[in-house]
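What follows is one chain in structure tokens, specifically the form predicted alone.
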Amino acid sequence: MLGNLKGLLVTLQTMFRKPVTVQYPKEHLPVASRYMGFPVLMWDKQLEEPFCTGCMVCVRNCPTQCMSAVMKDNPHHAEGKSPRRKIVESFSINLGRCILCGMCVDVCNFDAIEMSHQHELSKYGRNDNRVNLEKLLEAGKKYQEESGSVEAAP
């Protein structure tokens, strides 16, 4: 009998407490600033080019091998406008295979890749979560604006 009264008391106390959940599609809880979402490529606003040189260090260190990159000669370097001799030509990530470990960020020598706050990427097709260089740079620019990140040195 005493146990039933204690249970009823707990239920009544909980009934008047503020809810900690939200109705998901309509409402969103704020994402913590230290949350590691999907990787994005950073953009150098001063030189108007990506920080990524396509050196493939992130590709070689990825445990799931979900990345691929190709580098090319930087035309701005030949003109003397950029200190980067090489630049990324193509870059792709299969976000369906990415395990959000952050190893690509840790090994990047140019601070060209960061873990964004993106987390809602549900798709219907198996390969719909593949992103190319343009989408990664677009997401990186958005992340830089939202986070107010400081640009890395070239």
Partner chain sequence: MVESRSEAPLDMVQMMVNMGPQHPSTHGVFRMVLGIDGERVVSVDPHIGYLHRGSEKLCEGELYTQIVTLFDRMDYLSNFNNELAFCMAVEKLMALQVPERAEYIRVIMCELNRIASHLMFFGTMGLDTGAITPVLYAFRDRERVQSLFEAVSGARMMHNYIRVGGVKEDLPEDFRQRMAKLMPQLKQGIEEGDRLLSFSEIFLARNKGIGVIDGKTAISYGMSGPALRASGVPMDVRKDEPYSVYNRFDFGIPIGEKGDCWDRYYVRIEEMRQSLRIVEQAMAQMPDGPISTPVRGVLRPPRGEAYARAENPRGEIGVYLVSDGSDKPYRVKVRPPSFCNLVALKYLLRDCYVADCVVILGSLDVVLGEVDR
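It should be emphasised that the depicted structure is a prediction, and the values quoted were computed from it without experimental measurement. Basically, rigid core = biggest C-alpha set you can superpose within 1.5 Å across the two forms. Positions refer to the first chain, counted from 1.
The same protein has a further form, the form predicted in complex with its partner chain, not shown here; the description that follows concerns it.
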Contact segment among 85-93, 45-53, 123-131, 60-68, judged by heavy atoms lying within 4.5 Å of its partner chain in the model of the complex: 60-68
Can R34 be called a contact residue for its partner chain in the model of the complex at 4.5 Å between heavy atoms? yes
Which of the residues spanning 90-116 lie within 4.5 Å of its partner chain in the model of the complex, based on heavy atoms? I99, C101, M103, D106
Rigid core superposed, CA of N132 - does it shift 2 Å or more between the shown form and the other one? no
